[in-house]
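Let's start with one chain on its own, the form predicted alone, as structure tokens.
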């Protein structure tokens, strides 16, 4: 186990090193830089003539005149040694202050979506496999196909329409008006949890459909194996048999695809957040790219990738716990 964890941690560090380089390259790809965008926005339409020397002075002020390799080392060094993601030029403050609350709200949306996905997909998928060719099985199959076919934002629009026209309320946002700008308290946390239900259900729509089919297929395959037949012949109760053998192994593909689910949620979150009015990092990422505020964009990309890498690490540990065969293969 220790050797396995060390190998995975080293792999995480190496992965994040190369990811940081790729992210910095992406930060450098857009033509121009923040100095040019700042000068254009400040003096456009004023009749003021901006010279190349003026642009260079702005670059020197923000440290954009230094070589790319030096800026990369300063950027990644600040992150590793001080947890400092640099300066958010457009906001005139540090990146940490700009993304601070939004990263926690994004994580709250992410983990609530994962919880909803697995709480529905795993037990329902197992039930559908045990009750194959029943009315419940066919109904769940239709539901899963709808989840794969219909986009999440369509469900979000439908929920908005129903709540506004039928219930005369709105499901948008993550806080009630009285808590939006209020300091954190237990009441605000409870209000947040209430508002997380709708975005979690919307974002879990497609992920649940996919994982439900995965659990159902794997469970159906495990039920027919000789080991299950032999255990049944020994007189083990059916419920205990299903939970101990096929159900445990049916969860393996789900545990192994946590990183994939997170990537899917991050991909779908910006447009769902736009529909529901959620304060998350997707909108800030797009805005920072348009403003060429690249330290903000780079920090968001790096953090989202780090979350995926870390969750893949926990996925490996979970697989190790669920399936003892992985330990034997590693020896």
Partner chain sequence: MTTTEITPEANTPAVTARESQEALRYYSATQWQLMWWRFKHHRAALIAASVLVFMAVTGMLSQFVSPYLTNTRDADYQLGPPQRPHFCDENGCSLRPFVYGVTTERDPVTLRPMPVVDTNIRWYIYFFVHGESYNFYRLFETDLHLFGVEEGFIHLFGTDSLSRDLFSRAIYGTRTSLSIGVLGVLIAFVLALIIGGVAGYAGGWLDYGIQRFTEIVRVIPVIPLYMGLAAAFPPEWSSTQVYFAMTLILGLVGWPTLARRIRGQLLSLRHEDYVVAAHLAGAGAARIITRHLLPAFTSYIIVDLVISFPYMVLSETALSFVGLGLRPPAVSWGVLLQDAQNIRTIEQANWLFIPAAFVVVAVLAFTVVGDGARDAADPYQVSGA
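Numbering follows the first chain given and starts at 1. Under this definition, the rigid core comprises the largest set of C-alpha atoms superposing within 1.5 Å between the forms. Treat the numbers as computed from the prediction; the structure is a model and nothing was measured.
Heads up, the form predicted together with its partner chain isn't pictured, but that's what we're talking about next.
The candidate spot formed by 266, 285 and 308 lies fully in contact with its partner chain in the predicted complex, as each residue has a heavy atom within 4.5 Å of it.
A heavy atom within 4.5 Å of its partner chain in the predicted complex is found for exactly one of 80, 182, 107, 158: 158. Just one of 100, 151, 253, 123 comes within 4.5 Å of its partner chain in the predicted complex, counting any heavy atom, and that one is 151. For residue 22, a non-hydrogen atom is located within 4.5 Å of its partner chain in the predicted complex, even though that partner is not displayed.
Contact check for residue 138: no non-hydrogen atom falls within 4.5 Å of its partner chain in the predicted complex. Taking non-hydrogen atoms only, residue 315 never approaches its partner chain to within 4.5 angstroms in the predicted complex.
Using a 4.5 angstroms limit between non-hydrogen atoms, residue 92 is distant from its partner chain in the predicted complex. Residues placing heavy atoms within 4.5 Å of its partner chain in the predicted complex fall in a single listed stretch, namely 128-136, out of 187-195, 128-136, 81-89, 107-115.
Contacts to its partner chain in the predicted complex (heavy atom within 4.5 Å) from stretch 177-192: none. Once both forms are fitted on their rigid core, the CA atom of residue 301 lies less than 2 Å apart between this form and the one not shown.
For residue 141, the Cα coordinates differ by 2 angstroms or more between this form and the one not shown after the core has been superposed.
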